[in-house]
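Listed next as structure tokens is one chain, alone, in the form predicted alone.
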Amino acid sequence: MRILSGIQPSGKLHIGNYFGMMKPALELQEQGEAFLFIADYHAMTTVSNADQLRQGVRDVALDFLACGLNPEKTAFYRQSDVPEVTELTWLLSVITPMGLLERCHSYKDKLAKGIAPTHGLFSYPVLMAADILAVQSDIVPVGRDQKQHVEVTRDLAIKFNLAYGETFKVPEPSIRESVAVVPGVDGQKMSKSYNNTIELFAPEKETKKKFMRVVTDSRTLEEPKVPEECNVFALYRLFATDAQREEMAARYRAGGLGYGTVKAAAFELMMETFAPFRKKREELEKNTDYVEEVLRKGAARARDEARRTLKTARRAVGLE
């Protein structure tokens, strides 16, 4: 079973990225043949600063390797190091109905956030389809909000196969139902777009300040509280054991517990959880040649697959 995931280098990775995408992707290393790419082409729809893009790619690579990505089990690569994907994007574009793209909610959502409407932003799902189909993925793990992109990929693969003959494997989405929404410091879903994130590897003092800023309700110290409705508890439970969660929930309901105490406990658990990752990241920062070699080897594996796919597709449409 071949599994593909991708993540944009559009800013510092945060707790929401870790539990929503990174941790599940790392777990998939044990379940099949994994491909994981840093989506720098996709990031260009929102990142226009070259230095920022380069730094973003570097940070994503360091973060994943620090958090346990095994390059022997996962082909880890930059999207832009597999140029076959862009040619495949064109071959898919010529059979992509405009109406299909017009119905994609991601484009509308990004316009609503003030992102400039460009062809790249509009045709984003076709590039994503090329990413998936180039390596003939069986499974694409996504959150429910991204399921539509995989459905578009399936539609395009089927349409191309019907028009030109069997060329692409039709992938299946794997919906991460069990992943809880991680709240940001303002209570909304943690997102770089909302500027409400708690970064994975920010300095300790900065991280603690972020935890202490997490919004809560106005219940007094003495009042019983509802853990299921609390943003701080939602963060605490991500790092706590089952026993720790049950104990903290009981303290919430009993009253006499201040939110500041829970914020401090959540911060300590996060620092404890990420301590070995932080140490590994510091080591990797001193060995960037190794990081580049990992990405180079990952790209070579991905290109082997993409070349075969593209050759088949070019022959199918009459370019060879």
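Fair warning: this is a prediction, and the values are worked out from it, not measured in the lab. Residue numbers here begin at 1 and follow the sequence given.
Missing here is the form predicted together with a small molecule; even so, the following discussion is about that form.
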(request) Look at the stretches 138-146, 97-105, 215-223, 202-210 and give the one with heavy atoms within 4.5 Å of the small molecule in the predicted bound form. (result) 138-146
(request) Quick one: from 266, 39, 67, 61, grab the residue that has a heavy atom within 4.5 Å of the small molecule in the predicted bound form. (result) 39
(message) I need to confirm a contact call. Of 75, 240, 128, 248, which residue comes within 4.5 Å of the small molecule in the predicted bound form, counting heavy atoms only?
(response) 128
(message) Residue-level question: is residue 7 within 4.5 Å of the small molecule in the predicted bound form, judged on heavy atoms?
(response) yes
(message) Given that the small molecule is not shown alongside this chain, does residue 132 nevertheless sit within 4.5 Å of it in the predicted bound form, heavy atom to heavy atom?
(response) yes
(message) Please determine whether residue 160 contacts the small molecule in the predicted bound form, using a 4.5 Å cut-off between heavy atoms.
(response) no
(message) Does any part of residue 124 reach within 4.5 Å of the small molecule in the predicted bound form? Heavy atoms only, please.
(response) yes
